[in-house]
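Coming up is one lone chain in structure tokens, specifically the form predicted on its own.
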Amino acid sequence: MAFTNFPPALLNIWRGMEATHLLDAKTAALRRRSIRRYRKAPVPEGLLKEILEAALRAPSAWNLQPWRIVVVRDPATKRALREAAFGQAQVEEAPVVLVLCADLEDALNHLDEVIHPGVQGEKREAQKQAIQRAFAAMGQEERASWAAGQSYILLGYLLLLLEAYGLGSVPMLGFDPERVKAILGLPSHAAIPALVALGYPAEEGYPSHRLPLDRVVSWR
């Protein structure tokens, strides 16, 4: 990874973490907790790109990948997003806020980007037509809801990867989506499934409190 304008001491810490402390999926899942206070240390752009590239391996129906992510680091924009998120302090104080946007219209308008290149000729055209038919009967609001549901799969991947790479995070559903779209210039038809504040933790957060397996899992 290439880093620019990053303090050498912090860079050495990160390189050591990268070499020896990347958590496996199970450990990350067991250790993860929501973090709302962050250190001032910046999160390197190269590290964010690596995490996002891995998170984007998340599956989606028809491989449509209707999610779009806005990485917000600008202080003024974070301040505006904090107001749209009903004053949640972590939106402004975290080094980075990810805005998860679901835009099925964009995905449907660019099907050649998502259909596997190994599918060609008549089979490719048939697949494109099948996808278009599946959504033709849906209204715009229903399509947006469907895309938001798919985007939560990406959110799960993302939260685990952030933990695995030593970053704290908190997903947020409490915000005014129309104000968020207006601040960032996002399409009016898009859905905003979540905001994610992230950075190097300045607190431990509450230990996980979850229902036991036999409370939520049944066997047939």
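Residue indices: 1-based, along the sequence shown. Since this is a predicted model, take the numbers as computed values, not measurements.
Heads up, the form predicted together with a small molecule isn't pictured, but that's what we're talking about next.
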Note to self: Check Gln150 for me: does it contact the small molecule in the model of the complex (non-hydrogen atoms, 4.5 angstroms)?
What the structure shows: no
Review point. So, in the model of the complex, is Arg32 in contact with the small molecule at a 4.5 angstroms heavy atom limit?
Key: yes
Query raised in the report: Would Val170 show up as a contact with the small molecule in the model of the complex if we use heavy atoms at 4.5 Å?
Result: yes
Q.
So, Arg36 and the small molecule: in the model of the complex, are they within 4.5 Å at any heavy atom pair?
A. yes
Only one of 160 to 168, 58 to 66, 45 to 53, 173 to 181 has residues with a heavy atom within 4.5 Å of the small molecule in the model of the complex, and that stretch is 173 to 181
